[in-house]
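Heads up, the chain below is alone and in the form predicted alone; it's given as structure tokens.
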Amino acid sequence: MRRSIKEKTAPYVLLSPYLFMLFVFFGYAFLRCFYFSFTEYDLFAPPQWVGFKNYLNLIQDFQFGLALKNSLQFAVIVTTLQTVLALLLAVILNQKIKGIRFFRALYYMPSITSSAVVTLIFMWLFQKKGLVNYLLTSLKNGYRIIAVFFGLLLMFQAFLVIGEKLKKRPVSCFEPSYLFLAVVLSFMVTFFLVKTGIVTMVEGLPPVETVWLNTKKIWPRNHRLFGISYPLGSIMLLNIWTTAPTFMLLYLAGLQDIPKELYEAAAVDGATKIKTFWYVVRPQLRNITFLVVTMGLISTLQMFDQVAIIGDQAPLDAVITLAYYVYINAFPSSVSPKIGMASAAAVFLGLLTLIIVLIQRIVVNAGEGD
């Protein structure tokens, strides 16, 4: 009996540190937050019960509406793009290529870099005279050279592929060896045309001086409801670049776990690479995709640090999110804290996250049934 008791209690002893943190720092904190959402509290005077007043004030607060809009935009766009990018990177890095481990480590570097450091670097890149505008100016002035290069690339690739097809040899339109050769030839010919002056840069065009951060401009301009502000769009690019490598590792593990027999069966049936991916790889990665999308939605809906670090570099209305709305109400700069409003917004954010994840789970289950 004593041995049986030890075996039954051993897992709970090992889990006790985690359970302690879960119940004290999360469970107890949530209950207090839920209670404060029905009170008027400023951290100094005792809380006073006000019922649903804070939730009604949230609905009427214009800034809360902006925070909700920005958070939903951020969650949908960033989660979608980072999931697609992570899958593409995983498929590319899953190939047996010499030196592939170096590229895996290179792509993963942004995920282990400090968020504060990366945000500060991006603030410098997106300045009016920063590197982003410089590169856009270079692309604008050199569009002729770029057009010539890609035109030659298409011509050389088509010439090589058509030549092989005329010889009745099976070859893909994007054969890697031919594509590499076409890139080299296109670069050499373009370099010759530029050096001889046949193709030149466009002179006299004004430089690109787009204000990315300190502005309230939106894109598209005439869509106030669905338009994305320039500062929020910059933060989206930053977030996609830093989080996609982490999800890439999850997809990479899922790809390496797919049995080789499935690829061989698809090849025997004459499936192309696209059909193999759609009918073999995609279903096998369904659970990984659910995990990636769930983690992406939770992290994007709670996005806070990058907005806080940018601070006064961008207008508050252009970048405010629900998590930052909670912060500025709980810790305002010059007025008394509004813990009741902050708690109500935090409860709303938690329920919104839960509802979105549950909807996603229902959609995934429906897909599995089909």
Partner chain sequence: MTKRKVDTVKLLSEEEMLEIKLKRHRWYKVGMVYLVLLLVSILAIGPFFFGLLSSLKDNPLEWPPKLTVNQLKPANWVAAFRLSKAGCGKGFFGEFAPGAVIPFQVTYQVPAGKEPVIPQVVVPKRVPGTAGAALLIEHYAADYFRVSAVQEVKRESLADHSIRVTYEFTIHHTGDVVCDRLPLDITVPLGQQFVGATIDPNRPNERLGRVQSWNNLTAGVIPYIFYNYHRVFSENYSRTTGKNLFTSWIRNSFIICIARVLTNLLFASMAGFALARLKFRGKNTIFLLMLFSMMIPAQVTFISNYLVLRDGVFGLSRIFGVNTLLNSYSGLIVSGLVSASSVFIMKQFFEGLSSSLEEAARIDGASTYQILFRIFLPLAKPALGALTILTFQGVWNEFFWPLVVLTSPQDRFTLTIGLLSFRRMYGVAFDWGPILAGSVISALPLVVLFVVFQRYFVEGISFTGVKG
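This one's a predicted model, so the numbers in the text were calculated from it and none came from an experiment. Residue numbers count along the first chain shown, from 1. Note that the rigid core is defined as the largest set of C-alphas that superpose within 1.5 Å between two forms.
There is also a form predicted in complex with the partner chain; it is not shown, and the following applies to it.
Think of it this way: in the predicted bound form, the partner chain has a heavy atom of just one of 105, 173, 84, 146 within 4.5 Å, and the residue is 105. Comment: the partner chain is not present in this chain, but in the predicted bound form one of 130, 142, 233, 227 has a heavy atom within 4.5 Å of it, namely 130. In the predicted bound form, the partner chain sits within 4.5 Å of a heavy atom belonging to residue 113. In the predicted bound form, none of the heavy atoms of residue 39 sits within 4.5 Å of a heavy atom of the partner chain. Proximity of residue 327 to the partner chain in the predicted bound form falls within the 4.5 Å heavy atom cutoff. Using a 4.5 angstroms threshold between heavy atoms, residue 152 stays clear of the partner chain in the predicted bound form. From the list 191 to 199, 218 to 226, 241 to 249, 262 to 270, the contact stretch for the partner chain in the predicted bound form under a 4.5 Å heavy atom rule is 241 to 249. Of the residues in 16 to 45, those that come within 4.5 Å of the partner chain in the predicted bound form through at least one heavy atom are, in sequence order, 17, 18, 19, 20, 21, 22, 23, 24, 25, 26, 28, 29, 30, 32, 33, 36, 41, 43, 44. Here residue 354 does not count as shifted, since its C-alpha moves by less than 2 Å between this form and the one not shown after the core is aligned.
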